[in-house]
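Given next, in structure tokens, is a single chain: the form predicted alone.
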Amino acid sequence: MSDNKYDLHKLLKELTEKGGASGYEESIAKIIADAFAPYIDEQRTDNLGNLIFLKKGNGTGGPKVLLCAHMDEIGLMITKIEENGFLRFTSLGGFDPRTLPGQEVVIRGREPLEGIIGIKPPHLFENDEKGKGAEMEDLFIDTGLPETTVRREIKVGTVAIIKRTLLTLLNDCITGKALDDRAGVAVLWFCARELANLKHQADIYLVATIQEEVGTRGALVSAFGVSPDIGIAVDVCHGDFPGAQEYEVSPLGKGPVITWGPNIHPQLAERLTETAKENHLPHQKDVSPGPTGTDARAIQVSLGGIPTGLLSIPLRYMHTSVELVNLEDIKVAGKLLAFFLTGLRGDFVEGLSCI
């Protein structure tokens, strides 16, 4: 087994600075494949574009486990080319338009083109516009190019992504775009690295899914393709920030979050919690009264129903270009999954059909 050229910070820097909007994840997949290669036994890409890694169990007869984290990010899609080459756009996966004015973007034209998101200056606001937040229809992309060039290089339907460099803060924190959910992909990578030195009966499928932000499509297809005994989604949840209600958020630096609720099999949540306690790993608890907004919602209802868990990384400022996480939470999550998997036996999985 060769040494990996990545450490956690370097991996996240490459993953977040590269663009990969929903449905256009090819360049991200290449980085992920390179990073996982030293730790897995097999790799394939399914027809939809999910990247599937297999870490084989020791011996035969072990359960089959699916671990999912989505590699796509929210983006923008060009809807109209106006006079003078200004580009109107819509959100591809859930941007808050209030966060977009002044952002730098990269447009996937015939060649990558850079631009900025503009809005009418406040000096020119009418009285009824003052004090209002930006709406998507108020915004436009300016490449600086003349209209004839824009129309030659960019078509309606072209995708753009925010351009942002990963910033390292104090206290093991990093901030940038697309940490939802490339932080989750990093958890799977850290788990695979830990498993390289551990024995496990389970055949473990680590999947970087696509198109989560536009409907958990990748998780649905990968669940059918792998047909696992159990599935665990790894995503992000809302971190703490001023003004948030305590029940709405999970503090950064206090470990990953184990979700409970009807989308989650209670015995899986319990086993993850027990594993964290047995290994003295910090962890938190969250409740979701309905289907979660993650790959877990698709995994659970695939095939005849799959026992499903959800492990999340606290993240501040979700769906902005300055998402913020704590690296230690990612490491702990990877260790927790690795310890959970090494203790997984067939008899536990067989009992999951009885709630």
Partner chain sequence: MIDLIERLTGTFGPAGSEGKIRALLCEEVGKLNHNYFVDTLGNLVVTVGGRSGKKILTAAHMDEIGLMVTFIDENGFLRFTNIGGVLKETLLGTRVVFENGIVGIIGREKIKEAKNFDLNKLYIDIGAKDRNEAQKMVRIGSPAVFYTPFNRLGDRIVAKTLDNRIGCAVLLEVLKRLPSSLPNEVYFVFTVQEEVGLRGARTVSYRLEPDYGLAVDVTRVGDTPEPDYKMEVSLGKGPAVKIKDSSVICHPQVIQLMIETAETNNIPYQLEVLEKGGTDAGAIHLSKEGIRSGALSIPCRYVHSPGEMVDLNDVENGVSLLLELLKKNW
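Residue numbers count along the first chain shown, from 1. The structure displayed is predicted, hence computed values, not measured ones.
Just so you know, the form predicted in complex with the partner chain exists too; it's not on screen, but the next bit is about it.
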| property | result |
| --- | --- |
| Residues 24, 47 and 155 all lining the partner chain in the predicted complex, heavy atom within 4.5 Å | yes |
| Partner contact for residue 253 in the predicted complex: the partner chain, 4.5 angstroms, heavy atom | no |
| Non-hydrogen atom contact residue 279 with the partner chain in the predicted complex at 4.5 angstroms | no |
| 4.5 Å heavy atom contact, residue 151 to the partner chain in the predicted complex | yes |
| Residue 274, heavy atom within 4.5 angstroms of the partner chain in the predicted complex | no |
| Listed range touching the partner chain, judged in the predicted complex by heavy atoms within 4.5 Å, from 279-287, 90-98, 187-195, 110-118 | 90-98 |
| Contact assignment for the partner chain in the predicted complex, among 104, 82, 240, 270, heavy atom within 4.5 Å | 82 |
| One residue of 145, 173, 214, 249 in contact with the partner chain, assessed in the predicted complex (non-hydrogen atom, 4.5 angstroms) | 214 |
| Heavy atom contacts to the partner chain in the predicted complex at 4.5 Å, residues of 192-226 in sequence order | 211, 214, 217, 220, 221, 224, 225 |
